[in-house]
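Presented below, as structure tokens, is a lone chain in the form predicted on its own.
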Amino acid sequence: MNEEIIKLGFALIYGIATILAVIFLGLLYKGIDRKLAARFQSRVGPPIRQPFRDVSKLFMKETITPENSVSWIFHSMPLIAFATALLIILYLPIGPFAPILGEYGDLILIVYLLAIPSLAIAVGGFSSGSPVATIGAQREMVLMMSYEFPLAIVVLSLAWLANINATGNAFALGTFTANPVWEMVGIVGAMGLVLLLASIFVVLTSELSKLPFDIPEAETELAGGVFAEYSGRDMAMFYLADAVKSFAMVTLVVALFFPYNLSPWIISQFGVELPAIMGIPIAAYVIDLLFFLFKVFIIMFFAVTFVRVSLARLKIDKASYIYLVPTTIIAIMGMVFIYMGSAL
């Protein structure tokens, strides 16, 4: 009984520490993204710590309830979006650390959870009573229905690949960590993985509501769209949910396609023994965690920062078309190449 209590207490402390760390990292990466985007556009840009200032300022401001809103729905959606984003993190491996709830969910659950913050944003916009927010909510729903299909194809393709090449649950992230997908395929299959990776990169931009797919908020057209009526604590919750979900989505891409650690390579190449404290390989954990954060930065740079400074905002019909036709076709081609590679 005492051992179970100690184990539960350790898991609780570990979970709280992970959540706090991810909130910090999500805001930090948001600040780096804004700074790099400004530099690309020949601007000075805000300081990297600006997202932390924005959140603290929003929490200090008054939270206003629109006159025509359904208040209990309007105020509960930001909390649901933020809580769901935090829950997703608990199912994902953070660098060398295993997911806290990894034994209680898999990729199917993660895909469902990823849809909830977007759904909460749309419901919040509908419940605000604002015609501007309603238009933004409609756009959010259209986008969500568009990019979920290619995302599902990518997940199913990888799960099918894991099912025929690895042992264990094909939808468990631990399976991909132990058996990287690039080691399961030949040249033809690798071409398929590249196509799947390209598809999920396009989905990633829209999942995070970044240019050119920030159509639901579109400040210059809809004055903030779904967030037009939000303020104070509610807006801070959405802000934090966006930061955490951004980190979670990129972490998912890392776990599926690039689950490699650096410390085993250092040990094998240089024949060194990394120092440990009380049997815990602290040095290996630090190296692998830093390498993980580097991978997150690279993916976020190319999938978010580089894209949003290179392209202008799309119309909603064009954005939906991109997901339902070209992106879906690319994902299906990736699936076909993987099947052909396994058949050879």
Partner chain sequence: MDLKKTFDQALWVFHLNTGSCNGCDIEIVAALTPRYDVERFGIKLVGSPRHADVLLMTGPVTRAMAPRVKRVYNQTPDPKVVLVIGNCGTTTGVFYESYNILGPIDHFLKQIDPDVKIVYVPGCPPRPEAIIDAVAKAWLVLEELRGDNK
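Values in this document were obtained by computation on a predicted structure and should not be read as measured data. Residue numbers count along the first chain shown, from 1.
Another form exists, predicted together with the partner chain; not displayed. Remarks below refer to it.
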Partner absent here, but in the model of the complex, which of 95-103, 231-239, 192-200, 75-83 has residues with a heavy atom within 4.5 Å of the partner chain?
231-239
Lys318 versus the partner chain, in the model of the complex: is there a non-hydrogen atom within 4.5 Å?
no
Using 4.5 Å between non-hydrogen atoms, is Leu58 touching the partner chain in the model of the complex?
yes
4.5 angstroms heavy atom contact with the partner chain in the model of the complex for Gly45:
yes
Would you check, heavy atoms only and a 4.5 Å threshold, whether Pro281 touches the partner chain in the model of the complex?
no
Among Ile64, Leu290, Ile298, Leu311, which has any heavy atom within 4.5 Å of the partner chain in the model of the complex?
Ile64
